[in-house]
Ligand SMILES: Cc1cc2nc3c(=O)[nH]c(=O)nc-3n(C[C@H](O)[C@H](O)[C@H](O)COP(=O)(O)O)c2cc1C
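A single chain, nothing else alongside it, follows as structure tokens in the form predicted alone.
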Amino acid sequence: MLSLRDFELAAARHLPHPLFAYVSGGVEDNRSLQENLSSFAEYEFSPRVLRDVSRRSMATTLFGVRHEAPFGLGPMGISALVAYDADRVLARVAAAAGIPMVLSGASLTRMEDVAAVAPGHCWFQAYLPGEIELIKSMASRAQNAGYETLVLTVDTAARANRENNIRAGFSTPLRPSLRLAWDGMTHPKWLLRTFAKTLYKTGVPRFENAGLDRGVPIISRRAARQFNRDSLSWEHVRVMRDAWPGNLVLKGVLHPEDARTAASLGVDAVIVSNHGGRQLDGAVAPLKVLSSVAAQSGSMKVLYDGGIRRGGDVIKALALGADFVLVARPVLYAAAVAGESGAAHCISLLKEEVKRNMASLGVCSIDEIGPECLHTKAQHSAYSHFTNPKETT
């Protein structure tokens, strides 16, 4: 495996088609999903040469904690169905690499159990309805579990139209069928090492962190009702800010005015994200609005999420105003294909690419990465009408 994309190709062969389609797909026509990836091509690097970069470092500080790289692992729902015990595996790997891991509120492992394997390295991402008492209770549960950073996802007011998942044979709640059974049997490594092992060890997986009590099984009809959030408002963010003593982060911000409002309510950071192209098809690619959101962020930190596949992508996001970056799908693919060692190798590849690109750009620290490191295709077009001076002499 030489790149993050290699893991995706391997995962497509390893996982049953419905499950791979769930992880890799977006919604409706996949426009936002595709734009998340292609938006990076709009920017090119403008490197500086003959600079001593022998002492360069990727280390960065976020919320007073030093991390060994400017990226962490983003939240991914039902990960433990993709790779065995994936939530704890990814938490351990992230801790060993010196980076944070964000546990999804749609995970299948209790938040307490994940925090226990990587103390101080895990954040918790919550899907919360507009119910004040539940918000306060979930904040208390996360605090008691040892989490210091709470991420509230704010871009899921309605359930997404994931018709591609239905066509592929996957749905939430999971509906057993002959097609699903056949897909499992034709992928025996996943069937034995992940699904059967999970059933034997823990029983039918449950959404363990959607509420205060033990979550409902993934095959339960009540699973869909656990994630209704159409009444969530800024007033609930205010309630959460009062109830949560740690770092409060809003995930799913794409508009500068929303960043300004978040800052006024004492939010510590926003994550510029369109939910990986999995919520509103046609939503702008986060890279295209990153600079404008950062300009309105005030003292908040700005994190970026969406389409990271190379170390160069990490650097471009940092150059456009991000303080930190999250990567999700590739690391889960790696865990699916090769477990803990695969996920560790995936993170190592991304680290190596970031450090190598820093050298080629002529920068020694993350703080030196700014817009001057980039050149846009629009700038190139603006200069193209000038005559080459050598041709006029």
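Just so it is clear, the model here is predicted, and its values are computed rather than measured. The first residue of the shown sequence is 1; numbering continues from there.
There is another form of the same protein, the form predicted together with this ligand; it is not shown, and what comes next is about it.
- Within 4.5 Å of this ligand in the predicted bound form, a heavy atom is found for every one of 23, 306 and 328.
- Although the partner is absent here, residue 121 sits far enough away that none of its heavy atoms falls within 4.5 Å of this ligand in the predicted bound form.
- Taking non-hydrogen atoms only, residue 276 approaches this ligand to within 4.5 angstroms in the predicted bound form.
- Proximity of residue 251 to this ligand in the predicted bound form falls within the 4.5 Å heavy atom cutoff.
- Remark: residue 127 counts among the residues lining this ligand in the predicted bound form, judged by a heavy atom distance of 4.5 Å or less.
- Listed stretches are 287-295, 128-136, 306-314, 209-217; the contact stretch with this ligand in the predicted bound form is 306-314, by a heavy atom cutoff of 4.5 Å.
- Contact with this ligand in the predicted bound form, judged by any heavy atom within 4.5 Å, is made by just one of 269, 76, 80, 91: 76.
- Note on the partner interface in the predicted bound form: the residue among 104, 165, 149, 109 having a heavy atom within 4.5 angstroms of this ligand is 104.
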